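The chain below stands alone, shown as structure tokens; this is the form predicted alone.
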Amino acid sequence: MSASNLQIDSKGHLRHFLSISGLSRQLITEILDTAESFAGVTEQTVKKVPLLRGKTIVNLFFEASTRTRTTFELAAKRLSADVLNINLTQSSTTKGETLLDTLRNLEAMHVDMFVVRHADSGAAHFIARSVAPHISVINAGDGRHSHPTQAMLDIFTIRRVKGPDFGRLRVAIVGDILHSRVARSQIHALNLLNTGEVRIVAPRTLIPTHAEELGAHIYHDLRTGIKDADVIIMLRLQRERMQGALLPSEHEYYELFGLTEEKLAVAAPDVTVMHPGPINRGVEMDSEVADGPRSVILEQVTHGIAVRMAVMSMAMRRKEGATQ
């Protein structure tokens, strides 16, 4: 079963949310519109809606994460769901129990959704193919492959700041493209929305093989890559995923690709600066930019809750007993 068929049920509703690839522009827009309807919930005195009351959502994080896991937990609780966080470094999977055994035991507790983060690409798809028909799976990041909810909250942030017409925008994604599941998801989403120009800017050693197939223009010089850009998305330098000497030093990387106010001058006057976090200050950008008036980094975090509420509620709105 293809990824797109796996994600969509027979009625065209979202069943799982595993990747941007394979989804339609219409469905992406529906997620953004639904997130917009939830954006005001955080400003209410009672920050809850009853859409998932009585449902149980399990956070299955095989990789450490603070921001993503926390926003998923908040999103689920604001939908009135019960949330179970599994510490997988101390779970029975480390005692010899297989992943499928763990899933079956959790299914026996009558849970309704798994939010999965895993170091292996394709892990979320494997779990989605293995779970009981009534359970939905949300990919919270798998290897270098995909991080679809992060891409959607980035797109949501851009739409809120720049408006709905992506066709007039130049968007530059800068940094460690090679190891970034976020960048791949962002590029897919931006192209689905017919963005005017999508650029990737990085040293040659941090550009993946066949990068031209991603659907973006490639630049190896920061100033050229961000010239007249309306949106600049900086990526974290992922040292933990690097094998071999891909970079001479973080200092040299900062000199060539770190975003400063001086380098930012070549971008559009009203440029918006983003970063999926966590930021390595003095490596990907300096604090003056990160904390400056062009930055919407904290807004991205806030919007992440509304977007994840949207994805969860849409995946769970199908009738009980729906099949793949």
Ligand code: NCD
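The numbering used is simple: start at 1 and walk along the sequence shown. Remember, predicted model here, so these are calculated numbers, not experimental data.
Beyond the structure shown, there is the form predicted in complex with N-carbamoyl-L-aspartate, which is absent from this document and is the topic of what follows.
Choose from 158 to 166, 142 to 150, 185 to 193, 201 to 209 the stretch whose residues reach within 4.5 Å of N-carbamoyl-L-aspartate in the predicted complex, heavy atoms counted.
-> Partner-contacting stretch among the options: 142 to 150.
Between the options Gly54, Gly292, Gly40, Pro278, which residue brings a heavy atom to within 4.5 Å of N-carbamoyl-L-aspartate in the predicted complex?
-> Exactly one residue meets the criterion: Pro278.
Let me know the one among Arg236, His220, Lys77, Arg170 whose heavy atoms come within 4.5 Å of N-carbamoyl-L-aspartate in the predicted complex, would you?
-> The residue from Arg236, His220, Lys77, Arg170 that makes the contact is Arg236.
Is Arg67 a contact residue for N-carbamoyl-L-aspartate in the predicted complex, using a 4.5 Å heavy atom cut-off?
-> Answer yes; at least one heavy atom of Arg67 falls within 4.5 Å of N-carbamoyl-L-aspartate in the predicted complex.
Does the 4.5 Å heavy atom contact test between Arg181 and N-carbamoyl-L-aspartate in the predicted complex come out positive?
-> Yes.
Look up in the predicted complex whether His118 has a non-hydrogen atom within 4.5 angstroms of N-carbamoyl-L-aspartate, and give yes or no.
-> Looking in the predicted complex, residue contacts with N-carbamoyl-L-aspartate do not include His118, since no heavy atom lies within 4.5 Å.
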